[in-house]
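Next up: the same protein chain in two forms, each one alone, written as structure tokens (structure 1, then structure 2).
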Structure 1
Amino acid sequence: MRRTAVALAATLILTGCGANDPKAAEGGDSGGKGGKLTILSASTDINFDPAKSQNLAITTLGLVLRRLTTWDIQAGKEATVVPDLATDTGTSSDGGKTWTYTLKDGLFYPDGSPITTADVKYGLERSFAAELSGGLGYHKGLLVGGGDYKGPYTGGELASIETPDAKTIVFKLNAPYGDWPWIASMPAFAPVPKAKDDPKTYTQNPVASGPYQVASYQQGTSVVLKRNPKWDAATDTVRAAGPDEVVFQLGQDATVAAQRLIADSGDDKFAFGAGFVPPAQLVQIESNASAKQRLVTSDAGALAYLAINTQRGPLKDVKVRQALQYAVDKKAFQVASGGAVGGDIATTLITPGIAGRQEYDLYPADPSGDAEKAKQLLTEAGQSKLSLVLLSENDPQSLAQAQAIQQGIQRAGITVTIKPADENTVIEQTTGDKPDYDLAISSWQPDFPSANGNIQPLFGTSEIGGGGYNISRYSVPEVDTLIGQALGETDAAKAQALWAQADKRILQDAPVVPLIYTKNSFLHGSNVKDFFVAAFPAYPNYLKVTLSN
């Protein structure tokens, strides 16, 4: 599960940015193979241990590590799950409780030894070890016995992962789970040879299964990737493996990195920024024709929303929560988030780019809201005087967004007090067991391109407190039943219909106010080709990038 910050952006609309044109991303004048690509990153390290990583399938780890399945991300198209190490995305049996995979032929590590299903099993088992915590762990609660398993260092093997031979792997689940093919694309499903596992050093020295291997790692400074001589493009449909070398320059200030890319000189012509372009540089780019052509702004993506604590006083009344749907000034929030380049007005829970999403608006109003309609609903609820506490992170961007929410709601006669706190306190308050807030602003980027990732983590009763992200504290048995049905449906079309039904059913109860679908902007050098950001996720696809001479 991933809680994301709303993308920073300037209060202007960038026009004419053709760099994200799907036609340009399909090859253009790409130089194909060769060259050195530089990626400018604010991070001071890269954790290559698949057990500890939450890295997206199309970014850093995807260059070095393959999984059973992966994401096919193309500009202008919805994300799909496709085979990676496996021959297909999985064959289900036992009503969706058993999933079987077969490895492709021609899979080898850099030293020439074959990749086996025993390596995939071991890689997955080590993700259960306490010393390797922090990675995406959906599989831990789904696999039979996963709740009690402690990993291979102390707990032996996990019997629900079977490897009858070197090419076959079978997973036994506690219950039917139709999205298992997406789960099998997560970092923990990368193969790890047991003989080469050192949990203390694997983060910097993983055994490569993708087109690149770690050639050097300088903490806080740089990571250099060079080609894996045993990677075979014939077995890999999603990685272009264009550059001969990929260099991550670490600890790069976002403003300095953006200035380097705007200048577009020397090696920076062959570079791109891993982080969002800061607001000041977006303003500068608007008047720089060259840089403007190299700016890529994502489609609307992650959902920014106002969570309403449904277990708190008057907010238990659905009419009061529906009043807030009309009282909120989404337009003001959009401006506080950077204007049109910061995101599009939102009305649904399932985000754009997710298959099966249905567009609708249960609370139609001007984007700036309808204060009179809100007052009417409050009167019907018998709430003529209402005071609410809005929990907000205390950085300037978050406070500006909180003030936009405050001024909109107060037009309906509701007093809103902003309660600033540091990020850790906000997370503790919203996901812990002692909530002290009425309202909270958050955003959500699903961990995989399924409506499952939009709905279950935010609205399932099991996700209230204990570190869960159901921060509206929403609990409705009918919705839990619907979530369970969708989770167990192995027919993709039927599952999508159930998630769309859940989307509308939840918003009838108004536990959150959808605000905007956020956008992210990235800048690249003039010799970087095939650089695009699809509808999901709102990040560049590192695996497709190539260079021109």
Structure 2
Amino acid sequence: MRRTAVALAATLILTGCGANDPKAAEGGDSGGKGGKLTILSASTDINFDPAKSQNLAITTLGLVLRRLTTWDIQAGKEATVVPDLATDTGTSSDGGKTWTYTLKDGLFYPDGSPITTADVKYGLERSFAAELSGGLGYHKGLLVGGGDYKGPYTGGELASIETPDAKTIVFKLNAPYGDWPWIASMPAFAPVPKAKDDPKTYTQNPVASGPYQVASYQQGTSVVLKRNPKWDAATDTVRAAGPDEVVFQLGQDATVAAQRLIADSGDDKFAFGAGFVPPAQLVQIESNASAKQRLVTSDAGALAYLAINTQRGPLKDVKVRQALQYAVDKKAFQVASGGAVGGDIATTLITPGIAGRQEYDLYPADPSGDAEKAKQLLTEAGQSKLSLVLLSENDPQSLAQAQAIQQGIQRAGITVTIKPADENTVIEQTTGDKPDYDLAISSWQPDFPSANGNIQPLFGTSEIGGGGYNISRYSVPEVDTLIGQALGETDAAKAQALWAQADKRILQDAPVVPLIYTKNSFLHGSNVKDFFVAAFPAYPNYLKVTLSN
């Protein structure tokens, strides 16, 4: 969920799929002000440092921190980018290379001091610091001089962000970039007052600009948010700020959390789960009318895929990788992910709902795969005794998925050894510089509702290792050129055509096997209102949630 949760950014067009909208609107009856909302989370930690955060604009971080722009996510409506701290989503000049924002009036921190553009600039600058890496960094390559800048602790100021006065901020970009308003909604565009910055503790103790501030932080146990008295609803169009208090219960086992929400007793009536409902509980909810009403399932969101490490031994051979396309049992993977409610079978890289997506299938086969075809390709490649290591996280759900992949591939006579490891080890292996795996299962939701977000982060040569998510370590100059062209294309229709072309071109090389377009299911208590999952992103909008009185 991290990789999926993480990566999201700006969405535009995607919400056009009207067929599923009524479902998303379920549970949309309204509550009022007040009460204590509980959020059950499997994480042991919540990272509130905007520089290190990959949080969506509509989840945890959005309760505490505001950015220049943000997302307006409503049930059954298209996602749009709207002004947050700024008065508009940005005024461009110089052909899209310069973007200017003005702050609204009446913006204050909890201590009463005003929010200034100098704080926004400082917040952005610190996201360049090596000690604060790990956050969404789309802005880093776009700002002039961003490539070499080392952050404010050692590198001074970044000249391409100008603050002529306390209310105005100007960004100078390397190249025209029409989606900049979406970029300005990323966590790093939250204001950070220089005087209050301590890189070591800011993650637990951020200076609030949103309707809530962190009242207590107990690692591994709970985080309590209380109201920020200086937040003015008149300046904020997207945050309902219903509950008086928001409590995150951390380290909650997914199964136990789901059971609590199914039982719906006591305080759990005022709770929802931040994580997906596990498949076993989805089955249980089927036969529980009360819980069924409180289950909210997203449309197809992230792409779950099997990454093939294209730099390892026999996997360098495209024939072998194509054999894997046929050998994999997508049907078994789908069932292991919760069946039809867990996702739809995938054949493309660009996910449904993204503008310009073209449906195609380069390796047509039954959803259960075609072992004979796979064997034939392996024979052509001269590989008879292939033995591969499949890296998997060691939670039951991931292991079930890994076994589904394993049994599929083994039908083609390939030996697959599952290597279970904890989440952090898996991330380190897949995104680090010392890969020791042949196969890995991953999922990815675009940070932008643009095909760009489906392709570039997963297949650009620049994203191999060093924290990048090109975990199949796929590097083809022709594809890099194509990605570069598409990124630079300002005409939306032309850009979309280029991305669709890249989609097919990449899958010809078979660096990944698309498995399913995952659907996320969330469960909430009976007194939680305004809980919905819009078409993008496939996560609930925390900012709108209210409680019935």
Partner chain sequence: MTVDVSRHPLRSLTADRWAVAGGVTIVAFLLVAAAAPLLSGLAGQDPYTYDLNAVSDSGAPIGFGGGISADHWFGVEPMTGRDLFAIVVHGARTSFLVGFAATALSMLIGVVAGVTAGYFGGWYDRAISRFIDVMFGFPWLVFVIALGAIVPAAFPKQLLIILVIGLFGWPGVARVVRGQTIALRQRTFVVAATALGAGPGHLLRHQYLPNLVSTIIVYSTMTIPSMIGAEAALSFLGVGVPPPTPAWGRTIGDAVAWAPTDPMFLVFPGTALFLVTLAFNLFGDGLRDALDPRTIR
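Heads up, when I say rigid core I mean the largest set of C-alphas that superpose within 1.5 Å between the two forms. Keep in mind it's a predicted model, so treat the numbers as computed, not measured. For residue numbers, the reference is structure 1: its sequence is counted from 1.
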Note to self: form predicted together with its partner chain is structure 2
Hinge residue among Ala258, Val64, Lys519, Asp329, where one rigid part swings against the other between the two structures
Lys519
Across the change between the two structures, how many whole degrees of rotation does the smaller rigid part show against the larger?
24
For Ser443, what C-alpha shift in Å results between the two structures following superposition on the rigid core?
3.7
Once both forms share the same rigid core frame, by what distance in Å has the CA of Gln501 shifted between the two structures?
8.3
